[in-house]
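Taking the form predicted alone, here's one chain by itself in structure tokens.
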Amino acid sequence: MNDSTAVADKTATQNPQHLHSRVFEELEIVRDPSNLYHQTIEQVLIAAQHVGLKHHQQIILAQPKNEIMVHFPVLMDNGHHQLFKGYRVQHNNALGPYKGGIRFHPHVSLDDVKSLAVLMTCKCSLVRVPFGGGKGGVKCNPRELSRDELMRVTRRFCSAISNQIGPDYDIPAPDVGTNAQVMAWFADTYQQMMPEHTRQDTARIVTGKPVEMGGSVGRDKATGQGLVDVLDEMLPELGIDISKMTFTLIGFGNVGGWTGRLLAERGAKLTAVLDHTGAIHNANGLNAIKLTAYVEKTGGVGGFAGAETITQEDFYGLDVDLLVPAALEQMITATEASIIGAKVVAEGANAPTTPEGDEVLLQRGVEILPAILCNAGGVTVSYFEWVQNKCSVTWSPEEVDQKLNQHMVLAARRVKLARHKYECNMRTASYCAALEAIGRVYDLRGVFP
């Protein structure tokens, strides 16, 4: 590094606003405060300032390596073809193959997928699994698709991106709107497109598969289990006893449902849930098992017989120990943050809190346990599944849980250590702990040529 670059790096480190504007200007990014990707990159750059990440490393991390956008026709049940748009963003593979889920949702966009890919890069680094960050999605509403239409969308999307993914290059997984069945169709499609003599080693093309097809036991509950492992490590220092606490959930899908059931097993009381069908409340506690069965049947928590309906405002204002947002991004704005009655917010979803919401919560003294720590259990057990497939072995449920707990506890301790070291909030500390590892790898690898 020459003297002028060294001086510039020092200036950027001393002035975070200069750092943001310098990187954005160099990459010709016109900053939009409402853009999720820009928000995420700013948060990463704040952490980069704390850890002293070199300028060229910031530039590398501020944009994905590859952005893939495809359009593909699908035959619908009515006999007509519909054109769908899909994305696969490969952010960074310095630590290993790209890794990240596939989302089926009507609001999927390129910048949102880019943001989620960045979060995956940081998440994998934080929990120390040898993967990089990627993310994919199809702009569609899976609730409006029949089972056959959903299968055809999955297969056509896999076909469209099959040349850009691979079991040692880019490994998708389930995300919002997708599940193990979708991964089964995806894996089968990819395998059918490969030469027959190579198919036996292509099971690793996706994780989150059904156990019968090489999926790992414990993968379905992994994100919820990992979140609970983090809470076990973090909450005692915040003066909260899990066995006696009250909590609420935003979203009751895979992450929210498993979190609710696992915390209830620990003695915690679930008092309210909010999702796209409304908000329900029971001060004496909701039965998470019965609620799961109800949601699987109806598609949402609205109308559940074991609770009363309340407004969203009343939901956010409930006086509880813990709130777990486990649905979509950007649900906690400054408005919601100003009325939240919980002592701690543990982010089960990706980026559920806006920067303005973050600021309000911190000003009010509400502790935020960040997403890249709290929801990293999914990618951790995906890594376990990938290893089991690669080695042609299977692990017991106890072995998976024990290994997951080890990864999550050590990640939580890295965040606590970074918070103390850099004197910052928990979110910034989580990025710091992730960027420290990525920065060391780039220092060792250098940049080709």
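The structure displayed is predicted, hence computed values, not measured ones. In case it trips you up, residue 1 is the first one in the sequence shown, and so on.
Missing here is the form predicted in complex with nicotinamide-adenine-dinucleotide (NAD); even so, the following discussion is about that form.
With the partner omitted from this view, the residue of Glu336, Asp321, Glu233, Glu329 that lies near nicotinamide-adenine-dinucleotide (NAD) in the predicted complex is Glu329 [heavy atom within 4.5 Å]. Of the residues given (Gly251, Pro167, Gly218, Gly132), Gly251 alone sits with a heavy atom within 4.5 Å of nicotinamide-adenine-dinucleotide (NAD) in the predicted complex. Taking non-hydrogen atoms only, Asp229 never approaches nicotinamide-adenine-dinucleotide (NAD) to within 4.5 angstroms in the predicted complex.
By the criterion of a heavy atom within 4.5 Å, Ser125 is excluded from the residues contacting nicotinamide-adenine-dinucleotide (NAD) in the predicted complex.
Among residues of the shown chain, Ala349 is one whose heavy atoms approach nicotinamide-adenine-dinucleotide (NAD) to within 4.5 Å in the predicted complex.
nicotinamide-adenine-dinucleotide (NAD) is not drawn, but in the predicted complex it has a heavy atom within 4.5 Å of Asp175. Stretch-level contact check against nicotinamide-adenine-dinucleotide (NAD) in the predicted complex with heavy atoms at 4.5 Å: of 321 to 329, 159 to 167, 72 to 80, 356 to 364, the positive one is 321 to 329.
Annotation for 352 to 375: the only interface residue with nicotinamide-adenine-dinucleotide (NAD) in the predicted complex is Asn375 [heavy atom within 4.5 Å].
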